[in-house]
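In structure tokens, one chain follows: the form predicted alone.
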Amino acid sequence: MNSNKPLFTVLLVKITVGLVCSLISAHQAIADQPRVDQPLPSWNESATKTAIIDFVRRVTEQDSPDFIPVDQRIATFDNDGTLWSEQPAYFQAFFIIDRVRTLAAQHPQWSTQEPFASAIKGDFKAIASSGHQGLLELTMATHAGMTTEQFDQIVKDWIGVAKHPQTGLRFTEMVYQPMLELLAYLNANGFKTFIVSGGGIDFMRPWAEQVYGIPPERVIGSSIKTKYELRSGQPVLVRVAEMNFVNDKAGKPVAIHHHIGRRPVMAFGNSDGDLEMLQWTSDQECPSLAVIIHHTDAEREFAYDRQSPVGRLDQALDIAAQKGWMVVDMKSDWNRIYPRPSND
């Protein structure tokens, strides 16, 4: 018996140390989480933060005259410029350019054929000058002709490594930390959160759940047509080079109706492309909150609004002042921009 005492002592010490380490780790993990009574830590203590928290409190408290049942708590979010950055071009445009370069060897004529030649060079101004038709050509050449599963994997492979040319960050690292906190806060209070974006629905779905916590069935975007086929006896959906639906401007309320079947009580956007969604949300009898994210921070992100060719905010900014919509000033309302502290 005595010969086993040293071994027993060693085991006891190891177990004790392990338990202590586990308790320390658990305590640290808890400490790293925002306190329930202190939500939205990356939002400065301002009238904006107070108004958001007050709205959520009013519509979720059972005895409140503004109470909204759980099944009606719908919140919609634009993606580009609202949940992640969008300058100097929409991030899906970088994906398109990379796809053109990848496929260029199979299409030698692209080296002299516009808008493909400009895409290969990364000349955004020349691409923009090609207009809607040029952008449509690039999109169809890079987004169609494969199955939905193949496109899904292409997007996953790209989003996992592609980096922004100015910041050097992966595009999914350029999501807004304050908005991630807001999504989590709303989910914790019984809201269903949806992405309603002009971006491609199949471009966003492969990564939205991992990055935002929003599952693919709650992602609404522009789409191209698909068709059902049997290939080698296996059923597949094939992406066809033809637009199905453009989810922008007046298309957003229509898409919300088709996909969700309820009006949102909260809507978040950043540009004139979100105007109709904000109007659709705010103009109803039940309590609602329409919010514009205003890009005012040139040092930590980008500053732009009325004159920007990307994410232009002009008419919606004027109507926000008339209607009393909330306008989030990124520079003064957010104490950090991206999840990685080193970028702030």
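Note that the coordinates shown come from a computational prediction; the quantities given were computed from them, not determined experimentally. In this text, residue numbers run from 1 along the sequence as written.
Absent from the display: the form predicted together with another copy of the chain. The rest refers to it.
Asker: Give a yes or no on whether each residue among Phe194, Glu217 and Leu230 has a heavy atom within 4.5 Å of another copy of the chain in the predicted bound form.
Answerer: Yes, the whole candidate spot contacts another copy of the chain.
Asker: Determine whether any heavy atom of Ser223 comes within 4.5 Å of a heavy atom of another copy of the chain in the predicted bound form, and answer yes or no.
Answerer: Although another copy of the chain is absent here, Ser223 would touch it in the predicted bound form, with heavy atoms inside 4.5 Å.
Asker: Answer for Lys121 alone: is it within 4.5 Å of another copy of the chain in the predicted bound form, judged on heavy atom distances?
Answerer: Looking in the predicted bound form, residue contacts with another copy of the chain do not include Lys121, since no heavy atom lies within 4.5 Å.
Asker: I'd like to know if Glu276 sits close to another copy of the chain in the predicted bound form, meaning any non-hydrogen atom pair within 4.5 angstroms.
Answerer: Flag for Glu276 set to yes.
Asker: Taking heavy atoms and a 4.5 Å cut-off, does Phe55 contact another copy of the chain in the predicted bound form?
Answerer: No, Phe55 sits far enough from another copy of the chain in the predicted bound form that none of its heavy atoms falls within 4.5 Å.
Asker: Could you tell me which one of Leu136, Val246, Ala188, Val236 places a heavy atom within 4.5 Å of another copy of the chain in the predicted bound form?
Answerer: If I apply the 4.5 Å criterion carefully, the residue I get is Val236.
Asker: Quick one: from Ala184, Val240, Ala126, Val254, grab the residue that has a heavy atom within 4.5 Å of another copy of the chain in the predicted bound form.
Answerer: The residue from Ala184, Val240, Ala126, Val254 that makes the contact is Val254.
Asker: Could you tell me which of 277-285, 303-311, 47-55, 60-68 sits within 4.5 Å of another copy of the chain in the predicted bound form, going by non-hydrogen atoms?
Answerer: Going through the listed ranges, the match is 277-285.
Asker: Of 285-303, which residues get within 4.5 Å of another copy of the chain in the predicted bound form if you count heavy atoms?
Answerer: Read in sequence order, no residue approaches another copy of the chain (within 4.5 Å, in the predicted bound form).
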